[in-house]
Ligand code: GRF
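Just the one chain here, the form predicted on its own, laid out as structure tokens.
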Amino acid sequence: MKARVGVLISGRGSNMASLVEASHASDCPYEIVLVISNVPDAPGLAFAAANGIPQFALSHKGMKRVEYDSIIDGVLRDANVEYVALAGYMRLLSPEFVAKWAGRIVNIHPALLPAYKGVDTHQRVLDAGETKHGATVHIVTAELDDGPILAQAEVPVFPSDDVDALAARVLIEEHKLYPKAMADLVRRR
């Protein structure tokens, strides 16, 4: 029996797609059973629909964070989700939500944590003159991009890099890293 994973997205959902594609392997210990978005027209929802995965979309605008997260928690629980994967979900989660899913909610971040928490990581790495960059999969805690690290992938930063080139190279690694880290987490439990 595969572990049931719900994925939260806000955009194109390319990391969600990598999780879905990996889940089709017979030895993968998880399956994606639900995709949720806070952006009702997020392109990733179309991918989920095309792959027969139920979706739920509700704009967070005009709602208090705790109220919105409570709705999302209910939708996840109604689908018997066991793990939550954030894949380009561009909202901070309430501490209450994180506590309910403690140890079972993961995120992928486009930087080598603990460095470069937050947004605009690629530009900040370039501005700092770093020679390496990458991605991190971590357990989500109430602190932004601060939970225990599950896995990392490193890429070189070339002198000729701009934000788009660096972001593209990191994204390739993200798509390999996230499914493996998710599978490892599920197998350990």
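Remember, predicted model here, so these are calculated numbers, not experimental data. Start at 1 and count along the sequence shown; that's the residue number.
Quick note: we don't show the form predicted in complex with the named molecule, though the next part is all about it.
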Using heavy atoms and a 4.5 Å limit, would one call residue 13 a contact residue for the named molecule in the model of the complex? yes
**Q.** the named molecule contact in the model of the complex: residue 85, any heavy atom under 4.5 Å
**A.** no
(message) How about residue 93 - does it come within 4.5 Å of the named molecule in the model of the complex, if we only consider non-hydrogen atoms?
(response) no
- Query: Can you check whether residue 108 is within 4.5 Å of the named molecule in the model of the complex, heavy atom basis?
  - Reply: yes
Of the residues spanning 155 to 180, the ones with some heavy atom within 4.5 Å of the named molecule in the model of the complex are 171, 174
